[in-house]
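Just the one chain here, the form predicted on its own, laid out as structure tokens.
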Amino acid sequence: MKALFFEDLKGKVAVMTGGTGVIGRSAAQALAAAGVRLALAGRDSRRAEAIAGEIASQTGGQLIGLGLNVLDRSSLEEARRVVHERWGPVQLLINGAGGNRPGATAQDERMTGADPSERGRSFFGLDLGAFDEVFRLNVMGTVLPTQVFAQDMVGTGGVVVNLSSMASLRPLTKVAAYAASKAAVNNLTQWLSVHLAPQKIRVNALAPGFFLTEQNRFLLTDEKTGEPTARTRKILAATPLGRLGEVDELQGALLFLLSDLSRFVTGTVVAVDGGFSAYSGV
């Protein structure tokens, strides 16, 4: 990704949560190449620091790795203090932290039988503790970092990009908690875009389609053979481009939403999905 097309991003200060995941690492590479001064944050401070150092060496960019908990305000406030000390106020925020939990995932795509012994495989067998955990991570894990870091943008302007999901636009079977929580992220994105517009703060979301990551690998590939599961074959059949996405294919959309090239874009959810959301199946 060449920085030439995103010159306005050079030197801006950004914080990205969820930076140690597959998508986060790719996003960080694009941001660093564009000259953004990036605080790459994840739960594991050593991993965040290692990834930040690696990307800095590769790109010549300015990065720091931070360990934080997106559900702990004091942790977020401390991270903000570190960023201020290093570079000053935050101008860009990427809320990339989130995920799903196996306990909040139904084993069957549809409940086809009424036998009480099979109800554990359906919606009725979902672990409500895991369900709540998914909601807190995806929704509150977006709310709290925005409350903390976007304070720096009040009066001066800035950009927030939330990581949503294709499951937010078209509810997917099995992942009830994940789909519902990401739909909430979309709604929150739109609400914030209106609420913060007078402060010149733009708020948008990215909704990736199907990308193979560590969190969804157990759903998309056979653990023994590495081959696509039956579910993945269904996904590919419903994706007009006929393949899973590669994480670097999210970079252009992210940089566009962060840059002045999208200065009249706010309150929108951009799908990067190979056409999945456009295809009706017939």
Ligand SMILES: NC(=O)c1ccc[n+]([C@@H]2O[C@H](COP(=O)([O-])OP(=O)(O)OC[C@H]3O[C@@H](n4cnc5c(N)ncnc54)[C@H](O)[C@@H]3O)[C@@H](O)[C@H]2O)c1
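Residue numbers run from 1 along the displayed sequence. It should be emphasised that the depicted structure is a prediction, and the values quoted were computed from it without experimental measurement.
One more form of this protein should be noted, the form predicted together with the ligand, which is absent from this view; the next part is about it.
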30, 35 and 61 all contacting the ligand in the predicted complex, non-hydrogen atom within 4.5 Å: no
Partner contact for residue 178 in the predicted complex: the ligand, 4.5 angstroms, heavy atom: yes
Residue 13 within 4.5 Å of the ligand in the predicted complex, heavy atoms: no
4.5 Å heavy atom contact, residue 164 to the ligand in the predicted complex: yes
4.5 angstroms heavy atom contact with the ligand in the predicted complex for residue 43: yes
Option from 110-118, 150-158, 89-97, 197-205 whose residues, in the predicted complex, bring a heavy atom within 4.5 Å of the ligand: 89-97
Residues from 123-141 in contact with the ligand (non-hydrogen atom within 4.5 Å) in the predicted complex: 137
